[in-house]
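For reference, the chain that follows is the form predicted alone, supplied as structure tokens.
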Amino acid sequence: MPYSLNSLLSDTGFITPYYLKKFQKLGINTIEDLILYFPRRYNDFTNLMPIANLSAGQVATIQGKILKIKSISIFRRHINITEAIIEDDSGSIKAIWFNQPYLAKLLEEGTAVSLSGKIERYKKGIQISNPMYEKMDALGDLTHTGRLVPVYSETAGLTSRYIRNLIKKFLPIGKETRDILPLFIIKKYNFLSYFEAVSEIHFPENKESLERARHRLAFEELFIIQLASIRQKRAWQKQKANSIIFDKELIRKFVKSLPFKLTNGQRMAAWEILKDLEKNYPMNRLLLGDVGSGKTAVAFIAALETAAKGFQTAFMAPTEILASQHFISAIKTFKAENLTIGLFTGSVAKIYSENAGISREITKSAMLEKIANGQVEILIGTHALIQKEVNFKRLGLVIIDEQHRFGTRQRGQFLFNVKKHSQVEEDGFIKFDKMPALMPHIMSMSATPIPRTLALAFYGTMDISRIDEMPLGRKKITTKIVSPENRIKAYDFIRRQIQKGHQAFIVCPRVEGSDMSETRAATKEFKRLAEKEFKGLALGLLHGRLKSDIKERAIRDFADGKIKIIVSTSVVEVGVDVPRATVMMIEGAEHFGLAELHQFRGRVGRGTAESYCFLFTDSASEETLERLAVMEKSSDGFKLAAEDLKHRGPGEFLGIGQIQSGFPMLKVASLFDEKLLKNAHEEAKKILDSDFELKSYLLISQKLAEYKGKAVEK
């Protein structure tokens, strides 16, 4: 029976139901899925050596005949040992396998074999331990030994050996695939054909051919992403928006009234945003800035300009804590501007106007009416802002804080609400229909310093502004890893800081712990510290499951100095600004990424006193300690972000996974290959400049549709 790339594995007759379930778990259902399931790493078994030349410590491949083989069960130790003597023209060596008794029958005496593994010393000499094995055929075509051997991501009961055998069987069907890249791109970069690249990524002839295969497949991945980004950006720029003309005198007067001087980075970012607001198509700008760099001040400048021209601003934050902080900050900042400011979350609605002079709580229905009538000029809130019931009269600007915490659909819901009477395709790649409704300008903010390559790959639809300097007076924060034996010393240090009039954060990874975990949970740790190490001091507890009024009270009491130490989960990562806090202590630091740790650290050092960040860990892992040590050496958010990306990949790094960010997983491409990424961007742009609808590039168009479909599916 002939098979095609679309053939289901279940129809091939080669795979039992047991293994089919395993493959389905990995998302592999068709022959094409299998062929495109690329290795995660390779075992280098290319070092083929005569047995006589072997020495302990080497990883080598030997080829010879089996002289003897036997399997021994040691019942006392509950293990089985299979021993064999392998001979080539130069000598012989013992091979040993544990708990694989079937090998004694599979590898019979006289069988020609190829073995790859580590050479180890034992009492009587050297041996090859637990080697990969395969029988030699007349052609010498090796799959599991004597070459760069692919290792795949596995699931229980499904080994790389089994996957290798199956891929090798079906790989020739991959010849059906057609190259989507135009011939001029393939020639320009001397790329392998698509099928050659797929073949070499699985079974490379050598390291050079593997690198060429990776280069080819990585380019295609990045090329498709860039096509999607550029097309989306241009589609966005075809929309209409209200032009909000820059009022130089208004902004100059406002900036002069601020209790601090803007940094050059803030000035440049504000200028770029204000110029974007003047355009008759909607702004889509991402403002990146390290913790404490002053992004909110820039956002308020844009909001003031918008309000001055009679338009409303929606300011969305990921948590009620952060939304409340922004509301309080806005009231202070705009005290002389005669603005009506609202706070709208899942649990509270508040309104502030200069006429009243205070903020007061109102009903949600009253707030919805004020929003619809245009009476609220700046509305700050959480996901509550994107409810269908929320209707703005003249929405001119949307500000999304910590935008990576919102999924694509959540970020786009403002736009769907604006155009709710039209048929808008909600596919994660917002498709706009032709209608007269004006779109709001969009400004997103992130305190996670996104490396330039990641920004180009995943934020190509947005223009980017960076605040790459800190306000004057911000001191460097001393950061130390604290091992278990130094825990008491750290507690004593914190107590002395409190005695000097300072305050401290203690962050725990989860709200509720379990006996199975060594991670200290916030609720248990709060109780323990209050009864032991910090008995007699005013402690507070903060986590996401507390009621809104209790959270607000805890933050307010901490800010007022009534609480000296606040024990919290990661909700303090953003939005809590307490200048008297000088110590950030993080329990189970190994459970957080470097970007998150840097965010926590940014909660202190906001006053004039020396500040400290203590990374508590019970881990003895060398890799973990090396990763955390980067925090001790660097306070550069962009450098830490790049390091974090290496360890965790873009999905985890962004905090919400690639599923939420709206992009399928990268299989081959590295976001650290800036040159390849720029080449992919350049070629995608050239093609779209000449043929935006891709009418002459049907294969590319089909691939792009498939890519977008997978993003939606995910």
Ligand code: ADP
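Nothing here was measured: the structure is a model prediction, and the numbers come from that model. Residue numbers here begin at 1 and follow the sequence given.
The same protein also exists as the form predicted in complex with the ligand; that form is not shown, yet it is the one meant from here on.
**Q** Using heavy atoms only and a 4.5 Å cut-off, determine which of 553, 121, 393, 261 is in contact with the ligand in the predicted bound form.
**A** Exactly one residue meets the criterion: 261.
**Q** Which residue, 479, 226, 266, 145, is the contact with the ligand in the predicted bound form, using a 4.5 Å heavy atom cutoff?
**A** Of the candidates 479, 226, 266, 145, 266 is the one lying within 4.5 Å of the ligand in the predicted bound form.
**Q** Check whether residue 292 has any heavy atom within 4.5 Å of a heavy atom of the ligand in the predicted bound form, and answer yes or no.
**A** Answer yes; at least one heavy atom of residue 292 falls within 4.5 Å of the ligand in the predicted bound form.
**Q** Would you please decide whether residue 340 lies within 4.5 angstroms of the ligand in the predicted bound form, comparing each non-hydrogen atom pair?
**A** Residue 340: no contact with the ligand in the predicted bound form.
**Q** Does residue 606 make contact with the ligand in the predicted bound form, using a 4.5 Å heavy atom cut-off?
**A** Residue 606: contacts the ligand in the predicted bound form.
**Q** Given that the partner is absent here, does residue 296 sit within 4.5 Å of the ligand in the predicted bound form, heavy atoms only?
**A** Result yes; residue 296 sits at the interface with the ligand in the predicted bound form.
**Q** Choose from 106-114, 364-372, 253-261, 238-246 the stretch whose residues reach within 4.5 Å of the ligand in the predicted bound form, heavy atoms counted.
**A** Among the listed stretches, the partner-contacting one is 253-261.
**Q** Where, within 111-130, is there a heavy atom within 4.5 Å of the ligand in the predicted bound form? Residue list please.
**A** Heavy-atom contacts to the ligand in the predicted bound form: nothing from 111-130.
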